[in-house]
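Next comes just one chain, in C-alpha cells: the form predicted on its own.
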C-alpha cells in the first residue's frame, strides 16, 4: 500500500500534465501563431462555407476541371479516414489493369506522348492534393477547349498556382488541384 499511493498520484499527475495541460498549451500556441494551419488549412467559398482543405485531394472527374492524382483510399476517393495505398505492386494484374484504364481515359481526351506518372499512379496516402507541373500542363488543352478559354489563359493560371520547391530545394514544383480549379471557376 505504501508504494501504491505514490504510483497512483504520479499516474494522475502525468495524466493531467500530458493529457490535458500540454495539449491545451500546444493547441493555444498553434491557434495564436498558425491559426489557418491549426484549423486544417480549410478553403472557403464566398459565403464562408468550407469547400475543402489545401491538404486533402478532391475527386474532380468533370472534363472542365484539372484532374488530380488518383486516390487509392478505401470506400471512396480521398477518404481521409482510410488513408493508404492499394499495396498492389507493379507486377500485380489488378494494378496493371487499373493503370491501363487510367492511361486510356487520358488518351480518349486527346493526350498523346508520355503521361506523367502522377496522373495514373495513386499516391501512398491516397490523399495527395497536388499534381506535378507536367501533369497540369498536359491537361491545359482539354481545359481550354472545355471552358472556351485560350490555352495561354489557362497556362497563366497554372503558372500563378505553381508552388515551388519546399525551402527552395526539397521536392519538385507542384500545383494544388483544388486551388487551381477554384481559380478556373472564378474565371468563368
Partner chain sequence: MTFPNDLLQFLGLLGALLLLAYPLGTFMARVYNGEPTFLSPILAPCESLFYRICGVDRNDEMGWQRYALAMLLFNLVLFLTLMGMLLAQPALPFNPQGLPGLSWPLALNTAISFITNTNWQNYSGESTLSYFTQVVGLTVHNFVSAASGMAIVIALIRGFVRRTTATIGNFWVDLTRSVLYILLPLSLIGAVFLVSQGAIQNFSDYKTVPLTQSFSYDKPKLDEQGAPMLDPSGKPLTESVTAKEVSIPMGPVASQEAIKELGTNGGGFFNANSAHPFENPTPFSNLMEVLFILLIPAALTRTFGVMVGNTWQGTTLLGVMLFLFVVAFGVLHWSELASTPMLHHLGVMGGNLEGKELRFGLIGTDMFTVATTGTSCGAVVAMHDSLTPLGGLVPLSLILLGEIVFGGVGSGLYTMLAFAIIAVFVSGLMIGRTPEYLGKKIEVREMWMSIVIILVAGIVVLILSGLAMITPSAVASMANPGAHGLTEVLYAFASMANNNGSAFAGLTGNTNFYNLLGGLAMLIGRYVPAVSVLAMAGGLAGKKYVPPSLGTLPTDKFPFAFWLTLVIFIVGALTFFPALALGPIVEHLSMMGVN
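Here the structure is a predicted model, which means the values were calculated and not measured. Rigid core (definition): largest C-alpha set, two forms, superposition within 1.5 Å. Positions refer to the first chain, counted from 1.
The same protein also has a form predicted in complex with its partner chain, omitted here; what follows describes it.
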item	value
Partner contact for residue 110 in the predicted bound form: its partner chain, 4.5 angstroms, heavy atom	no
Touches its partner chain in the predicted bound form: residue 134 (any heavy atom, 4.5 Å)	yes
Proximity of residue 160 to its partner chain in the predicted bound form, heavy atoms at 4.5 Å	no
4.5 angstroms heavy atom contact with its partner chain in the predicted bound form for residue 69	yes
Residues within 4.5 Å of its partner chain in the predicted bound form, restricted to 54-69 and counted by heavy atom	55, 56, 58, 59, 60, 61, 62, 65, 69
Is_shifted residue 164 between this form and the one not shown (CA, 2 Å cut-off, rigid core)	no
